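Coming up is one lone chain in structure tokens, specifically the form predicted alone.
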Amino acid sequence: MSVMLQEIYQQPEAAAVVLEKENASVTALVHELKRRSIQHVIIAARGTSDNAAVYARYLLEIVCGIPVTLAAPSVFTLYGASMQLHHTLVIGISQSGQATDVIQTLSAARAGGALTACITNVPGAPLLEVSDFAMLCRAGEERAVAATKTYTSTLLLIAMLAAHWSNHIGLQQQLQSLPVMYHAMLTLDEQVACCVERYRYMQDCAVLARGVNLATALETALKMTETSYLIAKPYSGADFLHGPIAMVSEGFPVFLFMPNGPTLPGMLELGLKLRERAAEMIVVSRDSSALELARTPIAIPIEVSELLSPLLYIVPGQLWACHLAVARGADPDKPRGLSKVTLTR
């Protein structure tokens, strides 16, 4: 078993540890957010962490009613801009806690009057030095280059922050069931491993979702690109109709993440349009109408709120990327030309 697959299987335990040990840090941050009447959130991140930030943007805006901006770190690192950031929370997300541009963004934000916080997997990392509050992924060492368990732990911390900040009791209660839900999602492993054989020679594809699961489309596409070296293009299902759908011809592979909830009707309409173009659809859903559209259906075995679905729907995406790499003769643990820590300005 590859290290990447082992770490995918460690996600139930990682979630349980976060729920047990990070509740106090999340609660302390929320207390300060309310005391300082924070009215805006900016998130600085790169790569997989940036995909998690997309989820944070949707969730905090939907649940907390707080506008969220994804930072452009080069504004600070290359252009040396200064900003007035009073009543603003700036969150830095970096699994290693070493991302230079994220650290510089938080440092500049603090100088501009912002409250700063970070999400990282490494206690004592440099990112903590510029953060007023820290939330730890507690996922243990992640040895595979492609992040899996640190990504879902980051999503969990974001969901905990949103649930506590908004006093959303329903979300808080659902999060307690997450470790059991991860075990259920891992039962898809054998099915996914069999499905990827059909796509081992795939050179490009589109990966589509709407709303909170845009993060899932982005992260699944990144994982396939990292480990199998193909061109996986992620889009919002709505944006896809504004031009990119022209790439679809007969047999073109399209992944669709279609959880139950407000985004499902629009995604079903998109699926019908793709069927008219004879696209090769891989559908991840619990809805029978959605699964019927697919050449390769992946049925989600459990019901979950759409707001929390990105924490679980990414699991078949991770499994797919890992098994596809192996089927293509690549090493998912050590993608060519990549390292675990990437430092950029």
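Keep in mind that what you see is a predicted model, and the values were worked out from it rather than measured. Residue numbers run from 1 along the displayed sequence.
Missing here is the form predicted together with a further copy of the same chain; even so, the following discussion is about that form.
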Within 4.5 Å of a further copy of the same chain in the model of the complex by heavy atoms, the stretch out of 225-233, 151-159, 192-200, 126-134 is 225-233
a further copy of the same chain in the model of the complex: contacted by all of 109, 282 and 303, heavy atom 4.5 Å: no
Within a 4.5 Å heavy atom cut-off, is residue 266 in contact with a further copy of the same chain in the model of the complex? yes
Taking any heavy atom pair closer than or equal to 4.5 Å as contact, tell me whether residue 212 reaches a further copy of the same chain in the model of the complex. yes
Evaluate residue 307 for contact with a further copy of the same chain in the model of the complex, applying a 4.5 angstroms cut-off between non-hydrogen atoms, and reply yes or no. yes
Look up in the model of the complex whether residue 26 has a non-hydrogen atom within 4.5 angstroms of a further copy of the same chain, and give yes or no. no
Proximity to a further copy of the same chain in the model of the complex, single hit among 42, 315, 293, 298 (heavy atom within 4.5 Å): 42
Residue within 4.5 Å of a further copy of the same chain in the model of the complex by heavy atom, from 84, 167, 173, 187, is 84
Within 1-19, the residues that have a heavy atom no more than 4.5 Å from a further copy of the same chain in the model of the complex: none
